[in-house]
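Alright, here's a single protein chain in two forms, structure 1 and structure 2, each given by itself as structure tokens.
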Structure 1
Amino acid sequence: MSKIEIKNLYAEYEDKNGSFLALKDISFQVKEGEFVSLIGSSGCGKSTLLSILQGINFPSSGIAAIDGNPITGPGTNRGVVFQHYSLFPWMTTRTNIAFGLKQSHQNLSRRQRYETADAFLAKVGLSGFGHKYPYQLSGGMQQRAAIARALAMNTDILLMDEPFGAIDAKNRTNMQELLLALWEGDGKSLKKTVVFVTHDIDEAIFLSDRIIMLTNSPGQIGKEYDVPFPRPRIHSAMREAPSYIHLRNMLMALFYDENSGKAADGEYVI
């Protein structure tokens, strides 16, 4: 069953210099519980597409729908993590998370909201920082708090725009593994549907069921790849597998071909 449907979507913007076509004839579906990553060079329209799914921008033509219903604006069925920190500066870290819960789960008591906030702060390694304001945290810590807020909301859909870009390598790996653990859940409930924007090919392979590469502006779908590795996944074991190296080389070849204009014939080894 398709949770998200994008069909013949165009996104064009007008400014004082004329019109700019960001996305051209984009069509794909995301199944319920699927983890899909969008990759491509800067300016190819990945973030524009995510903003349309969020409901803060709208296509010039074509369809963007969730559960068969056209997207008409933001909704509580979608949790969003931006590439830039999005915490409210006048709220503590703990209150930021509790506020998100108040919007998405109005049946929760104040005590339940703050208990959940504390639990998710612990999950992202920020126990003891709940009383801090965003300006008192490093950039990476702010982003971990923003991720905790989105995960705590427990929405059907997660839209994530380079969420780990500002986090150091060790915590980035930890956050990738945490995201997968929360996405996979206990195996009894249905997984969340995730659309994840990244520039990191290794990250896309580790996290995703499917990878969609967008071409240079205007963004169009260049290639789609199914990621064949079973779950749960372990970084070290995956990266030593010949099938992982082959898939990574194909993606790297396509990426560099898009950006250099050189032919991508065969494997591209880095």
Structure 2
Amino acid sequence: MSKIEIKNLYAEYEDKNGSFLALKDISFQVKEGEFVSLIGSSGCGKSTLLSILQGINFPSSGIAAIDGNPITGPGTNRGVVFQHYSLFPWMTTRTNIAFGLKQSHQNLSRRQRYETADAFLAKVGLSGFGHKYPYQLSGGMQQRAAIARALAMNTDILLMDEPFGAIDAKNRTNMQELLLALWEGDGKSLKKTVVFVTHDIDEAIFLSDRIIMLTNSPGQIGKEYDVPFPRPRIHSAMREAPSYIHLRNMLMALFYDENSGKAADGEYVI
């Protein structure tokens, strides 16, 4: 059975211009331990789709299910990282993580929560930053802490909505490698199922087992691609492989074709 199943999903929302169809007839499945990226230009509904998986939004028709059970709301079986405001600004980084743990592991004592928080901060390279407030950290460090919280909660599923979208290119590469290293873990334990939303084609190729492309208004599944590169992956090695360039060119062509030569909303898509 697949971990996540989406079948004939439609999402229609009211806005000030009446109702509009954000997602149309979406169907796909994600296997346990699979890393899947949803890509598409902004406004294609990929974040809406993710918010349905998060349990914040609901489909107007169709099925969105986890482990075969339809999603009825948010749950602590899913860890979430947003582009902004994953962390609460009034909590220090370790309190943020401990707060997440309190939600997911209610039997942990206060001390255990903070110890776990410190351990995960160390994993993302932030030991010593536990007592800082989010505003005292760089954007990249904030996202590390947000990832640490999602990982500490030890959920089966990670849902990430452009988590590296606001980070500069060099740091983004580091963050991607860190994310993969943490996701792959020691290779023995079961990998988490990840759904990763991005509009960065390179990011999607580097991270994913599979890429699902959404086309614009209303969001529909364009095409799916398997990403065959072996893991562990390293940026510098991958970039030069002819198969990488081939896949990248194919995705780029599709992306631009889809947007008739340029990104529909003027946003440049790498």
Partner chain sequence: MKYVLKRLLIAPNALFAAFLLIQLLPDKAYRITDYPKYTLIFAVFLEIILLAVSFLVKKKPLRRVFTDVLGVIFAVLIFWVLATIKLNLPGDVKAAVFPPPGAVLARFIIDFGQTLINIRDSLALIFQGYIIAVVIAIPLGLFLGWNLRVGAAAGYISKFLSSISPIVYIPYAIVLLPSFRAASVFVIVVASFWPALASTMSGVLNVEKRIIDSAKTLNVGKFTMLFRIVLPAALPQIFIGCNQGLSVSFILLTSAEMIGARSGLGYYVNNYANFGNYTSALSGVITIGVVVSVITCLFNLLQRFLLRWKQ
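One-based numbering along structure 1's sequence throughout. In this text, rigid core is short for the largest set of C-alphas that superpose within 1.5 Å between two forms. Since the structure is predicted, the reported quantities are computational estimates derived from the model, not experimental observations.
Each structure shows the same chain on its own, and structure 1 is the form predicted alone. The Cα shift for G139 between the two structures, taken after rigid core superposition, is 2 angstroms or larger. Core-aligned CA deviation for I157 between the two structures: less than 2 Å. Comparing the forms between the two structures on their rigid core, the Cα displacement of N77 stays under 2 Å. When the rigid core is fitted, K123 shows a C-alpha shift of 3.1 Å between the two structures.
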